[in-house]
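So this first bit is one chain, no partners, the form predicted alone, shown in structure tokens.
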Amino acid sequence: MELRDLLLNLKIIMFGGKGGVGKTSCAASSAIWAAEHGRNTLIISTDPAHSLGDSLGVELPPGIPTPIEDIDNLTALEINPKANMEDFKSLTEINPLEDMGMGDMMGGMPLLGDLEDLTSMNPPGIDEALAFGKILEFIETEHDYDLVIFDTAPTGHTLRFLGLPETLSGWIGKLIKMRMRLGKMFGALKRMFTREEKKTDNSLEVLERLNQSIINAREDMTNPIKNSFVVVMIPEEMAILETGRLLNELIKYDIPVSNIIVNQLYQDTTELCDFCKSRREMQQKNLTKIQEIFREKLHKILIEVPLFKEEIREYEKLKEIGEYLIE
């Protein structure tokens, strides 16, 4: 499917690639096009170093979906890692001693202290985990958006991100087992020292629902009718190698990908200086390699976007790059 068809038909599109290749510009431009073609669109930045607001030329309050003024049907969101971390901690904390009213009596026992430390630990790749949590929110819960576009972090983060459903599901599964065992143990201890009525603790149910949501999200992310990944690259050797690794991971995890954007191409003009001519010659050699590897062998759709004289940001420039992306 071409990018136009993806934007008109899918529920989720993810843009990713090497740092500095123009992912955010391509994602923002595509979001504007989709919104102006009648789709209620949300664009989310999962990159810890956000630039989505800068690209759109607006101030985005952290963690708050913000309608973009003068663009109907378009909302933007930059994830707030600090706020999401607090939500994560509240989910995983057990605080068994405090809950039992036995902190002063047993807080000095090494075993119980170790258990408290264990239950407050963060899972591996917490940054990617929090980003994935935001994806869960917009995949597995009801919302009014027709299309959600994710502007992902650079390739290294994205590669770790792709394996998160399995990692998190396994980690949460272990946490569920641990909480069940701890619940029984501390329940017995509490009955020995107090006659208080048992407090309702639904944290186990929350964890189980979260685990199932992760499994469901994995199914949605691998469904070509719902999701596609758009790779953004530049015509340089290192970008070719990094794009190859990214595509291998996308194939490994069955993430659909059909479009590759080759960005920042020098144009053929006699006005180029010697430096620019050398850059263009280098790019053309690499572009030939890109066409051979990604289009002819892997059957991906290549979208070629020129290098613009001016910085690509705000509505008019994003619309201009959209003509190359879509038309």
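Because the structure is predicted, anything quoted here is derived from the model rather than measured. Numbering starts at 1 and runs along the sequence shown.
A second form of this protein, the form predicted together with a small molecule, is not displayed here; the remarks below concern that form.
- With a 4.5 Å cutoff on heavy atoms, Y315 does not count as touching the small molecule in the model of the complex; it lies far away.
- Not displayed here, the small molecule is kept clear of S45 by more than 4.5 Å at the level of heavy atoms in the model of the complex.
- The small molecule is not shown here, and in the model of the complex it never comes within 4.5 Å of any heavy atom of S258.
- Heavy atoms of I321 reach within 4.5 Å of the small molecule in the model of the complex, making it an interface residue.
- With the partner omitted from this view, the residue of Q283, Q264, T66, Q291 that lies near the small molecule in the model of the complex is Q264 [heavy atom within 4.5 Å].
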